[in-house]
Ligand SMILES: Cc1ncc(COP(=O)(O)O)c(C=O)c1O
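In the form predicted alone, a lone chain appears below as structure tokens.
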């Protein structure tokens, strides 16, 4: 397995333009393909937005340019939408509607059942499905590949019911309505000196903490973020702590009043952590 440079682009903190960042990333991908050899590469896997890495958002056009490069070299493009699918970004799937690409394969999980049952799924494009049909033994037209837990009836029934509820209650439309408000309110937290960045897309966001002058997940930055997380927890707000990041993935049915409450708790937690910093706690 080979890894490319993180595609993250933060317009608030970047010293280069989005176009320059995109050119740099795609040039790096081209060099990696040439070094490895396209005939040695089965696929390229990418999240529309890197979730666990800290809600890292690529510059506009990144996924389309990466897909075009994969097509040039006959490399399959796999979109990892375990986090971004089923409403998190305001659509059932983000690859096409938000990023303008149709991947060869798309993997998803979690939101497909809203977490009520463990379930994952792999979606195939027509291009891949047609290739499988063409290569199949006419005497065995059914794809027989599977896993021990494939097609679990309870998990699949849960997914079907979950999707029906999301459609009936217009959950994706609701996320598209409240998502911009969520990010707008969070961006107000950038006034704190210990906030290095606020980034996100609809109901997927991250507040990055830092000791002024320090960059990245240094011990002090991580301690500072843990303090913010702890103060939030005391006030009834659970955020996902990772390194020096506070990652937020609120329920898709959240309303603006609850968003205001989240931001108020975070604001208080940042104030307390900043006081601790200047008092020499970190």
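These figures come from a predicted structure and were not determined experimentally. Positions refer to the first chain, counted from 1.
Below, we refer to the form predicted together with this ligand, which is not included among the displayed structures.
Note on contacts: among 82, 105, 211, 131, the single residue with a heavy atom within 4.5 Å of this ligand in the predicted complex is 82. Residue in contact with this ligand in the predicted complex (any heavy atom within 4.5 Å), chosen from 64, 235, 222, 52: 52. Annotated contact segment (heavy atom within 4.5 Å of this ligand in the predicted complex): 107-115, selected among 90-98, 173-181, 107-115, 153-161. Among residues of the shown chain, residue 229 is not one whose heavy atoms approach this ligand to within 4.5 Å in the predicted complex.
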